[in-house]
Each structure stands twice: as structure tokens, then as C-alpha cells.
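This document starts with one chain, in the form predicted alone, laid out as C-alpha cells.
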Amino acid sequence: MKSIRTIMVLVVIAGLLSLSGCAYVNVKSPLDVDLDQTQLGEKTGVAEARSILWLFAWGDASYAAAAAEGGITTMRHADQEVFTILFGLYTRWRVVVYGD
């Protein structure tokens, strides 16, 4: 009986670990791979796309849209932001570009 309880506890822990981040995700990360001489520049531009109910998606999260929004002609760095609620029930992708 004790071994069954131990197995059940391990199964519950494994299930909880596999679901981590499914309820709420708000992550920011760089899109660059060459960071040793990165200069951000003086301007910032943001572009985003969204989806809801796994059925509808809209927006333009491209570098070009972000650069146009910020009036940037030379991009120097880019970050991405992902915000998700309940397994993607609502998701927002955002690209932030830096430059001059």
C-alpha cells in the first residue's frame, strides 16, 4: 500500500512539472546571437500579433513593422516578448527593435 502511495505522489509531481508555464507565461528574450558588440541605438519600435481561443490570430510582429513604428532605419538589436494565458487561450507576440 505504501508503494502505491509513493507511485501516485510521483505521478502527480510529474504531471504538475509537465504543466509548468501552461497557466501563465510572460517571457522576454533576445533575438540576437551576436551580443558582444551590441549597441541599442537611440530609438525603439514595437510590433505585435495576437491570437485568441486558438482560432483567431491577427497582427504584424515583423522587424519591418517594429522599425517603421519607431522610425528606425538601422536596426541594432531586437528582443521578443511572449505573453500566454491558459495553454494559449490568449497569446501575444511582441517584437521590440532598437536602432537609429
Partner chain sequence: MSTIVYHRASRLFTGLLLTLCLSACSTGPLVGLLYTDVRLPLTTDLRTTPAPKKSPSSDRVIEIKEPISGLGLYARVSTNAIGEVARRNGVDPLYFADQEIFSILGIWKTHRVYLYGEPIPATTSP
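Residue numbers count along the first chain shown, from 1. Bear in mind the structure is a predicted one, so any value in this text is a computation, not a measurement.
The form predicted together with the partner chain exists for this protein as well; it is not shown, and the discussion that follows is about that form.
In the predicted complex, no heavy atom of Val46 sits within 4.5 Å of the partner chain. At the 4.5 Å threshold, heavy atoms of Asp60 reach the partner chain in the predicted complex. Among heavy atoms of Ala64, some come within 4.5 Å of the partner chain in the predicted complex.
Although the partner is absent here, Leu55 is a contact residue: one of its heavy atoms lies within 4.5 angstroms of the partner chain in the predicted complex. If you take 62 to 96 and check each residue for a heavy atom within 4.5 Å of the partner chain in the predicted complex, you get Ser62, Tyr63, Ala64, Ala67, Ile72, Thr73, Thr74, Met75, Arg76, His77, Ala78, Phe87, Gly88, Thr91, Trp93, Val95, in sequence order.
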